[in-house]
Structure formats: C-alpha cells, structure tokens
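Before any questions on binding or motion, here is one chain by itself as structure tokens, the form predicted alone.
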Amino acid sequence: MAFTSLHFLIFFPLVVLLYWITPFRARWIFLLVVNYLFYLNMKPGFTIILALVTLVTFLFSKLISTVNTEKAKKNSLILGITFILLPLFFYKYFGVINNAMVALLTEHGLTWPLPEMKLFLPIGISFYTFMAVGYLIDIYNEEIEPVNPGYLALFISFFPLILSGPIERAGNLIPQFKEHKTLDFESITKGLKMMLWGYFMKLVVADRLGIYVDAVYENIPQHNGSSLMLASFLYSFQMYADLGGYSLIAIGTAKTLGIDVIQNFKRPFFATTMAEFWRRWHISLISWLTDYIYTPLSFSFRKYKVWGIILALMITFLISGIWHGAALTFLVWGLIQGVLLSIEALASKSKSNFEKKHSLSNKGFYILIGSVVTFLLFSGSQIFSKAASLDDAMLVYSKIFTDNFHLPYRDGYTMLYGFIALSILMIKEFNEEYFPGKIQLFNNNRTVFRWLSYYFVIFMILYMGVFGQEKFIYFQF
C-alpha cells in the first residue's frame, strides 16, 4: 500500500498501537508479520522474490562467516551477490536486452526464439536488493556478525523502507530491532511531524508540479522551448519533493516505532557544487555507492592518482544510472553526472586557490552563483531522467536552445498553487540552511504558534493537495 492511500492511513495507527502494546520479546515477530502483510498488499506474487532474496542472503552470510580461507570467503561473497542480483537483473533488464536483440535480428531478416517481453518490476526490488548486498559485504568485511534469519528478514523487509528507501545498513537497523524500547511519546511526536511535512512535500508540492511537468513532457513536439525549460526546472523540484517527501514519511513512520533511520536529503538546492549536491541528495544511495563501489574502485585505481579517482567516479555513476533504469537515457544521465564530478575533481585545486586569492568562500553573491549553476547543471541532466527516449531528450534540448522566445504554456490554478507550495518549501529550507533554529514552526516552544503551524500545513494539504495519485516517482526504479 502506498503511503498516500487510505489503506495506509488506517494501517499505520493500528500498527503503532499494537507494536507498543506487544511484549518486547515478541515485537520483532509482530513487526516481521506487519512487513510481509504490507508488501503482500502491493503485489502478493512478488513476496516470493523478497523471501528468496532474504533466504539467499542468510545462507551466504553463514557461508562467508564459516569458511576458513580468504579466497573461499571472496568466492562466496561474489557468488552470493550474483544470486541476490539475479532477480533484479531479470525483471529490470532482461526484457530490455531481449527486445533489443529481437529488434536487431529482425532488422537483419533473422528470427529470435523469444517474443518481445515487458516484465512488471517488483516494487522496491532495487532498494531491498542493495540492502541485502550491503549486508553480505559488511559480513565479509567483518563489520557485523550474521544474525538469525528472522532479524535478517525483518531488516530486508522493513515496511517503511522497502518501497523506496532510504537504503539502510544492517549495522544501524538490526541493533535497534533488538533494543528494549519503552513507549516514548516524544519520539512518536517527532515522527508524526516528519510525516506531516512529508505529506505536504508529496501531495502539495510534488503532485501539483507534476501536473504541469507531465502536461508538457507528454506532448514535447507541441510545446515551445520556454515551456520545456520551465517544466525541466520544475521537474527537479518535483523529484525532490516526491522522493524527499516519501523519505520523510518513511523516516517518520520508523520514528513512531522508536527506530532511527538515516537522513536522505539535506536541502540539496543550496549546494554550490555538484560534489556537494550529491552529498545532500539521496544520501542513503550515494553513501551506499560510495562505500561499496566508489571506495573499493578508487583504492584499486590509486596508482593512476587523480585519473584513478575519475575512472572510479565514472564507473560509480554509470552503475547509478543503470540502477535507476534500464534505458539508454539513464545510462547517459549517469555518464553526465560522472563527467560533471570529474571536471570538478580536476579543477578543485585551481578553484580553491582562486577562492582563497579573492576571499570568495563566504561571499553571498558567490554562494548564490554556485547554487544557481549547480541547479542548472542538475536540471539539465534531469532531462534524460524524465524524457521517454534519447530522441525525446535531444528534442527537448533542441527546443530549449532554439525555440525559447515565446511565453511558456500556462495552466492557471496549477501554476499558482504550485508556486505557492514551492515558495513555502524553499522559504522553510532557506531558514534551516542559513538561520538554523531562529524561526521555529513545528518545534516552536509556544504552543499557539506550534499548533497554528500544524493546522496551516494540514489546511494546505486538504485544500491544495492532489489526491488519488498513489504512486511515487521512485517506485519505477
């Protein structure tokens, strides 16, 4: 069930109530049952894949921890990761590869024994697969000890995270499942506040902006460059509010159960470089990629010095692109991120010397320029993420640079409500970025101001929210 569905709004308070009245020793069992009921409600058949991934992860974690030689441990790790990734590759990439082969051979007058295929991607498989792989690698690196299959299943299937993350680590989550927690109303209150703001981001900002973005991108040939440029800028905000909102709801849901989950976003549009941007955007994914792919690669390529770093960056973000989607557009998207970060790595020393020479680091205008340029680079790359094909993406670029002397497409109420909602979001984030703790709303010490903030956000959700769209953008990944 989606977080924005009526089913979840009934399911969630019941789970919280029953969780806290369940005896401590049985809570993990109760939570495991809840996890699988939650996933069964989405697509029952795919629960088998979740269970099989969990079983494979458990078996190979035991094997890695018991074999005696380093070679046997490494071979067990590689084999375990391969088996864990097989369902992901089959459902996400097999159909695409098969269809490409069919088209290529048909073009040359040959036949292919398999017909064209379109497989339905199991929801959340990209996320829980990464959690399972991370668990195996942590066992191999002796950072954690293997746990019993029940706790492992609880970790991989944890219902707030299973659909779209954040991508957690076993070392953080599993000890919390074992910890004896008492009912904490402050923790529940904090979680509910996160959820409320997450719903605002999703229903009022993301879904409202999405109406305009989809109207333009679903009819690219009919729109001018100004419309496409505006839609591309808004898509960046839509993506942030969608996944950022989901993450806050997920983190808040876990918080009401007394479980702390990694922060997933940290005001990314105030970043002044692409490197800083990726330290603020989808933090759990970037942290996973850094620890399990980039760091080992950069260590392997250390003899190439800065070029080894660049090679590691390129490979890491190409993998990130492939993870996001089985299409050439995502491959290009990953390539662009790698190129931008590589350019920054090559220019970092010269840039640092220039900033010191002219004392620019803390200058407001310089920070603003850096933030604007970073946003433009990211939004420009996101065209490949949003466009349905490379041809569509190139058409968007072409129109933006050659047909932008017209007024953009206008959708009165959608644009007005979207602008108001986006302004509220960015004002809040500006305050948190540059004046932390100065202006408090949900955490105001004055009861009147605090409750007025709650009522205002609830009113905005009910009045301006877009209901009936129970999917998040990252469900497709």
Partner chain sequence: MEKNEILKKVETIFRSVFDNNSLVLTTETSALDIPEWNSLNHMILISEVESAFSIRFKLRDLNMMRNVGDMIDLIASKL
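Residue numbers count along the first chain shown, from 1. Computed from a predicted model, the values in this text were never measured in an experiment.
The protein also exists as the form predicted in complex with its partner chain; that form is not presented, and the subsequent description refers to it.
> Go through 165-173, 78-86, 296-304, 124-132 and give me the stretch that gets within 4.5 Å of its partner chain in the predicted bound form, heavy atoms only.
Contact-bearing stretch, as computed: 296-304.
> Which pick from 263, 352, 219, 398 sits with a heavy atom within 4.5 Å of its partner chain in the predicted bound form?
Here the answer is residue option 352.
> Using a 4.5 Å cut on heavy atoms, which of 178, 363, 406, 356 is close to its partner chain in the predicted bound form?
Filtering the options by heavy-atom distance leaves 356.
> Indicate whether its partner chain has at least one heavy atom within 4.5 Å of a heavy atom of residue 330 in the predicted bound form.
Because no heavy atom of residue 330 falls inside 4.5 Å of its partner chain in the predicted bound form, the answer is no.
> With a 4.5 Å heavy atom cut-off, would you call residue 141 a contact of its partner chain in the predicted bound form?
Yes, contact at 4.5 Å.
> So, in the predicted bound form, is residue 313 in contact with its partner chain at a 4.5 angstroms heavy atom limit?
Yes, residue 313 is a contact residue.
> With the partner left out of view, is residue 411 within 4.5 angstroms of its partner chain in the predicted bound form by any non-hydrogen atom?
Judged by the heavy-atom cut-off of 4.5 Å, residue 411 is well away from its partner chain in the predicted bound form.
> When its partner chain is placed as it is in the predicted bound form, are 229, 393 and 432 each within 4.5 Å of it, taking any non-hydrogen atom of the residue?
No, the candidate spot makes no contact with its partner chain.
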